[in-house]
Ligand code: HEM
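Quick heads-up: it's one chain on its own, the form predicted alone, in structure tokens.
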């Protein structure tokens, strides 16, 4: 009998991890992964419990597993972009303070004001599609749409998006520590230095001439004695740009792929635009880009009878939790009319995604615009290549054909 093991280095951990998630949930839901040197949770209730438990820290520097030590060694060798904790890697009270600083930009009523402009961007991107009847959903549409929006919110030129994408791709590729090749780590380090220098210049400009943008808000907070260090200011700018674009682009592309592989659901959405809101929630559940997030146990404790030691890392597999039959009927089926869809694609607890109102709005507009303007879409190839990260899952390209 083959011992069940979760190994993110396996290609299927990126291309189609769901059969393995299902086996883990059924056979070993509180799983010790030798490859990760960490615990892996796949049941909904366990995932939510850990994400809401203050005994688990988001500060990865407190981890004592092999992966964390390798990441810290790489940071020492190559340096890292910014040099401070962000909302993603801090605990209260620091996390609370950092989150409050930028929360106003992502409140639902503030985000809703962006709807007409996001719609303009979506239509313009399709207008500029390079070839009639053909579209790379990722490169021509899903990638530039959220990147333009977050760049404008931050006050940096959307015209710089080619280098933003290169920096983002390189840095995100290293999510997973030792599963990244030395070449990827070196490239990410180079991109990290470049994006840091870019934002140092932007920050210096905002100090001289503030504007009505997110960078100016952060600079003002730092300069007005809000205990925001220069390293945190820089790191927060970098994370906002990358997180504000990377996850949404993969949601749109992954979601479109899921629809193309479930033509009955695609036909429903394409024929009834009123279904876009439940459809986006279902695509978040079924094909959400974030596969997992890590927490560090701050004391010795138990999870379902398993002893978890202080300093050990726990990977909460949110993508697996979103297919837990204890919470979702027929969870392996895509159903864009699904009701009571309490997925955890945006996490749970105090670290739930701050940008989710914006991500939802961008996805609503992205899919409703595709449905209106791209008739009879078909996948141009099944030979799809997936990105290298097991934490953030997404295709590198999604070419389709349609009736021009």
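Because the structure is a prediction, the values reported are computed rather than measured. Positions refer to the first chain, counted from 1.
Keep in mind that the form predicted in complex with the named molecule is missing from the display, and what follows is about it.
Listed stretches are 125-133, 183-191, 284-292, 200-208; the contact stretch with the named molecule in the predicted complex is 284-292, by a heavy atom cutoff of 4.5 Å. Distance criterion of 4.5 Å from any heavy atom to the named molecule in the predicted complex singles out 87 from the list 317, 256, 87, 142. Checking 370, 36, 336, 358 for any heavy atom within 4.5 Å of the named molecule in the predicted complex turns up a single hit: 358.
The named molecule is not drawn, but in the predicted complex it has a heavy atom within 4.5 Å of residue 240.
Using a 4.5 angstroms limit between non-hydrogen atoms, residue 30 is distant from the named molecule in the predicted complex. In the predicted complex, the named molecule stays beyond 4.5 Å of every heavy atom belonging to residue 328.
When the named molecule is considered in the predicted complex, residue 95 lines it closely, a heavy atom lying within 4.5 Å. Taking a 4.5 Å heavy atom cutoff to the named molecule in the predicted complex, the contacting residues in 331-356 are 345, 346, 347, 350, 351, 352, 353, 354, 355.
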